[in-house]
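Take a look at this single chain, the form predicted on its own, given in structure tokens.
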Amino acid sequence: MTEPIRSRSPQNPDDIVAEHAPVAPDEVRRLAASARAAQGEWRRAGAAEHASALRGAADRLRARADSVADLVVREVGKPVTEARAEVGRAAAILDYYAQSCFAATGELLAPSLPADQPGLLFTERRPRGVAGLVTPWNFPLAIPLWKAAPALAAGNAVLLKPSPEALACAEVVGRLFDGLLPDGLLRVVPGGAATGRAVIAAADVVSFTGSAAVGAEVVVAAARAGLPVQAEMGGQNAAVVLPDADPATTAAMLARAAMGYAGQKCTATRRIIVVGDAAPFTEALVAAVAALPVGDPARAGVEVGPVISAAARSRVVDAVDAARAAGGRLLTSGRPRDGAFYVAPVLLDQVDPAHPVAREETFGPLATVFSAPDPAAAVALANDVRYGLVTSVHGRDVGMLLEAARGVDTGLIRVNAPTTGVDFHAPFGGEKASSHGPREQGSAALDFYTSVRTVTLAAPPPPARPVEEAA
């Protein structure tokens, strides 16, 4: 018998939030066939019905906002203030794509037809079919919905394979659409790697968010099947602090960007590069990190809760030990707490930029501090990793800020703003190993979940004149 998968509360690992038998590959194929059959009906339903379903789901989510936020806190350990914000953001995503159902689906061009034969040349965007979505646990509402909502708005069916650590939240996402969509159009398919591979094999378009290692496998599998694919795979994000940045304000901002939600965001600040003498800013940063409230994420005001699992906690502890063994200096305690998956925020300096802790994503409350002699050197250090998701630049001199921003090689560039935070109506994605394929969110998502047809519509030629009449 197949062992069920379980999600556990990271602040109370004895609390099993949800469990489900993995969906077997044969069952995934059956569900995909059912979704594909329903997709024809959904495509014919048209923009008004698509928009109505998405608005209805948004209204349901808002009506349940408090209980859903509590579930996010319980299942993935997100601090309650952030959990409530995610619920609001998820509803806003549904609203945005409800309105986008009425966006233009093509353009009118000048046809190259004979002068005596009028006609039209136009493009038309059509849904691809079944969208296979593989999503992580850290944004258990927002990420599934910023993938599913545009896919549905464009007329596709959806197979959603959520992270095993976010089963209950995924079930909430699925139930939002009960009775609003044709039967079988949207399916939540819990499982592990085998289920995920089956979803990719059964889909017509694939969207993935997760680790770089798994994302590379997804991209290869989709490419072999000839499927359009996008993969978002994290970052080793830098913040460049210019000499004229206000130390206290910037340090407080970066402390939250690095350590908030225990650093479990792909956009979290991992490296802080200070131009010039780093000591005064480092002192302010250590104080800002020490001031962050750490503890039970359900408690108001807490900003740093647990990491998601014992394995995640071990990765942080092991990374810190390796960095210290190589000469890194520990600036904060970084002590784990017994009985749950907590790790106190960790700041390191005197780390070799070539060390793995500075180059690979640990996905926990861990950041390293570096110094650079000038802005150009700071930007070069920021770019000198295989990832390219987001960089922030901080200071007052507009010319210096613009020069640094122009040199940054990431998909997202934030000036005097934290690396964290995403506008759901703007393109989201990175460069290098952070992303593969087209951008997510905004109108870019609608483009991804559709394919373009070019249609020539020529008027029928006039009937031939009888021979005797022509004479």
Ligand code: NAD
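Quick caveat, the model's predicted, so the values are computed rather than measured. When you see a residue number, it is the position in the sequence shown, counting from 1.
Omitted from view is the form predicted in complex with ligand NAD, to which the following refers.
Checked against ligand NAD in the model of the complex, the candidates A110, A193, A104, A311 yield a single residue with a heavy atom inside 4.5 Å, and that residue is A193.
Only one of R197, R84, R175, R324 lies close to ligand NAD in the model of the complex, with a heavy atom inside 4.5 Å, and it is R197.
In plain terms, the part of the chain that comes close to ligand NAD in the model of the complex, with a heavy atom within 4.5 Å, is 201 to 209 out of 201 to 209, 343 to 351, 289 to 297, 368 to 376. At least one heavy atom of V214 is located within 4.5 Å of ligand NAD in the model of the complex. When ligand NAD is considered in the model of the complex, S392 lies well away from it, no heavy atom lying within 4.5 Å.
N138 belongs to the set of residues with a heavy atom inside 4.5 Å of ligand NAD in the model of the complex.
In the model of the complex, ligand NAD stays beyond 4.5 Å of every heavy atom belonging to W42. Contact here is defined as any heavy atom lying within 4.5 Å of ligand NAD in the model of the complex, and by that definition each of S163, V218 and F428 is a contact residue. Looking at 252 to 271, the one residue that comes within 4.5 Å of ligand NAD in the model of the complex, counting any heavy atom, is C266.
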